[in-house]
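Next up: just one chain, as structure tokens, the form predicted alone.
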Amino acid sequence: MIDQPLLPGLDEESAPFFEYAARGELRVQACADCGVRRMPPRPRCERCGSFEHRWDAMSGLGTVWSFVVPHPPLLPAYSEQAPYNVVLVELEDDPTIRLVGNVVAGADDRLDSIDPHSIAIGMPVEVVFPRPVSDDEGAVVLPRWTPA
């Protein structure tokens, strides 16, 4: 039985995203040669083929591009917090970058701290960084969103 939130598997490409999040920074990978940002992080630029990259700081502002309200059956860690939202946020700094998360009242609040019926496409949001969540492989900070 899974009674805690699912955490992403970290690898060489994705680990820096979560390391910056643990510091309270939202950064996305960008090609060091042509400047195209990409998410999820990858070793090679799709545009120019370069293997060089950097991590660009983002403002943390965005808008809800899409969202869902999951329905049962849910894993125990999630069913206790239902109904909740899962959003796809388009970043204000770069609309080609969209991140998955949840809109919550505050960084460490439960997933159901916002009525999912209050979420709307185009809703302005701002990133927040909750306390780390741990599993057998370590601790991860999963960025979330609050109404802006």
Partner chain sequence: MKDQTAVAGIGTTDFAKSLDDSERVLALKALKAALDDAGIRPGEVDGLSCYSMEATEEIDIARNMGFGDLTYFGKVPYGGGAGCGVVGQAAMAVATGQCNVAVAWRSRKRGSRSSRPWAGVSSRVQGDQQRWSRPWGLLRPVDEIAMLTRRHMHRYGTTRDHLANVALAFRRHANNNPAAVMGDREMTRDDYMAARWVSEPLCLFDNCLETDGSCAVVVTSTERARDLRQPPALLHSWAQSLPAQHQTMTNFFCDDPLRGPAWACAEKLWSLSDVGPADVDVAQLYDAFSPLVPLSLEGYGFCERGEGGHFTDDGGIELGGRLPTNTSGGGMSEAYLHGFNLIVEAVRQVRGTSTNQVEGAEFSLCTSGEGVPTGALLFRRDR
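Residue numbers count along the first chain shown, from 1. From a predicted model like this one, the values you see are computed outputs, not experimental measurements.
Another form exists, predicted in complex with its partner chain; not displayed. Remarks below refer to it.
Among 35, 40, 106, 49, the residue placing a heavy atom within 4.5 Å of its partner chain in the predicted complex is 40. The putative spot formed by 101, 117 and 140 is fully lined by its partner chain in the predicted complex; each residue has a non-hydrogen atom within 4.5 angstroms of it. In the predicted complex, at least one heavy atom of residue 6 sits within 4.5 Å of its partner chain.
At least one heavy atom of residue 86 is located within 4.5 Å of its partner chain in the predicted complex. Though the partner is left out of this view, residue 18 does reach within 4.5 Å of its partner chain in the predicted complex, counting heavy atoms only. Although the partner is absent here, residue 22 lies well away from its partner chain in the predicted complex, with no heavy atom inside 4.5 Å. In sequence order, 65, 66, 67, 68, 69, 70, 71, 72, 73, 74, 75, 78 are the residues of 65 to 81 having a heavy atom within 4.5 Å of its partner chain in the predicted complex; the partner itself is omitted from this view.
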